[in-house]
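Starting off, we have a lone chain in the form predicted on its own, written out as structure tokens.
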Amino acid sequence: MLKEKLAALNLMNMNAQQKHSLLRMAVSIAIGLGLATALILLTSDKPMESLRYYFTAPLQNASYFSYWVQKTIPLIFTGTAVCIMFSANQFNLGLEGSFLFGGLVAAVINIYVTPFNPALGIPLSLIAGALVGSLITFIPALLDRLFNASIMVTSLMMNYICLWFSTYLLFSHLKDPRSSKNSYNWAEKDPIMVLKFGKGNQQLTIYFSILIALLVVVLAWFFLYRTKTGYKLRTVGVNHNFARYVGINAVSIAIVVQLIGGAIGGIGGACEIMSNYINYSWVDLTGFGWDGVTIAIFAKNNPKNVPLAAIFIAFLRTGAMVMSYKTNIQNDLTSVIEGVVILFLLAEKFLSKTYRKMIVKETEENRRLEAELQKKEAN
């Protein structure tokens, strides 16, 4: 019996850091939500109604629920992509460009290659989105390898190159002359990756892209934690010099991981454009690439945590949107909450005393059980 308790306690000690991480996450979120509540109470003319919308809107009707799911999907894609790149300590910020160009090539394929033929257009768009997305993140990686150029700077600049080039293509080749800034349509009425049921507030939208997003999460987790390449990738992320010392080709790992991250971003962009639009009209960066960094921080760079983080952030954003529409409170409130939570998560000394107390308590209990076991064996 004592041996079993000791083995269980050793397992607990191994996971002490994880338990502390969960505690920090819970406390950080509680502080953020507490701040949101305080701000709403101070600024709203109808504070109780505003709080009800903010915390329960996605569950009030089918339309809001569908909007919640819609906002969750791109966060899963970009969050997973960033998790993979950050796990190898590669700070490539080119996901904005990958996501944007993934949507652009999906639009081109559905307009010119497979017009009004979604059965062929969807798979081709996903493949093309993955290829062009990986190319966008590969260019900064290559510049870093050949010329030692700062990957953060070059990847940021790639985003704006992608934006202005895609805008040029839209207005010079894709734009429908009958519209001000929209391309030709590739569907009659509804986006090609959705099914809609009901009307008005009870209209429920089924997004097929959620299945693709969850599949990407599963494959990413399996790749990181169940393959040799994934282990090498995480080793490079933990200690680059040690990885080189044991014979891991850190340069190849860095390039591969950025190709994978860009491909996921491109697929996400293709899914986004085919799930929510019937024509192409993006003339600004979507912001989902930056959101991927937020999701990765919440998920602790582990893909299996990405869906939960994306669901949470999308829930708050949906509530803020509905609250803003119903009570005239700015929905930027959610950005404040996200910033506060991330601030506490990145603060290394936040709850550090609690962590030390947890370690001391478990160590003392471990020693007590070991002493009892030795005494029992001696007798």
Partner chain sequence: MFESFVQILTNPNFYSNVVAVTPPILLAALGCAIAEKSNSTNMGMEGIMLISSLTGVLASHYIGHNNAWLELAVAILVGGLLGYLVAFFALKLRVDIILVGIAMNLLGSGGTAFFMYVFTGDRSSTNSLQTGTLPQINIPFIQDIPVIGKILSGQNVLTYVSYIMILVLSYLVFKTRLGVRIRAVGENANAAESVGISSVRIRTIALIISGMLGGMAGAFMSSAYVSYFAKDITAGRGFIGLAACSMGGANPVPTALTSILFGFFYALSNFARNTGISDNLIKMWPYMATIVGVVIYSIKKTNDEKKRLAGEAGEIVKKEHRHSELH
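Please read all numbers here as calculations on a predicted model, not as lab measurements. Residue numbers count along the first chain shown, from 1.
We do not show the form predicted together with its partner chain, though everything after this point is about it.
Colleague: Heavy atom within 4.5 Å of its partner chain in the predicted bound form: which of T294, S275, S134, N305 fits that? Just give me the one.
Modeller: Looking at T294, S275, S134, N305 one by one, just T294 meets the 4.5 Å heavy-atom criterion.
Colleague: Just one of T205, T154, T72, S183 has a heavy atom within 4.5 angstroms of its partner chain in the predicted bound form, so which one?
Modeller: By the 4.5 Å criterion, the partner-contacting residue is T154.
Colleague: Do all of Y168, Q330 and A347 end up near its partner chain in the predicted bound form, with near meaning a heavy atom within 4.5 Å?
Modeller: Answer is yes for this spot.
Colleague: Just to confirm the contact call: exactly one of 122-130, 157-165, 187-195, 258-266 touches its partner chain in the predicted bound form at a 4.5 Å heavy atom cutoff, so which is it?
Modeller: Going by heavy atoms within 4.5 Å, the stretch is 157-165.
Colleague: Is there a heavy atom of F147 lying 4.5 Å or less from a heavy atom of its partner chain in the predicted bound form?
Modeller: F147: yes, in contact with its partner chain in the predicted bound form.
Colleague: With a cut-off of 4.5 Å between heavy atoms, is G339 one of the residues that contacts its partner chain in the predicted bound form?
Modeller: Within the cut-off, so yes.
Colleague: Can you check whether S172 is within 4.5 Å of its partner chain in the predicted bound form, heavy atom basis?
Modeller: Taking the distances in the predicted bound form, the answer for S172 is yes, it comes within 4.5 Å of its partner chain.
Colleague: Should V113 be counted as a contact of its partner chain in the predicted bound form, where contact means heavy atoms within 4.5 Å?
Modeller: It does not: once its partner chain is placed as it appears in the predicted bound form, V113 has no heavy atom within 4.5 Å of it.
Colleague: Just to make sure I understand: among 300-324, which residues lie within 4.5 Å of its partner chain in the predicted bound form, judging by heavy atoms?
Modeller: The one in contact is S324.
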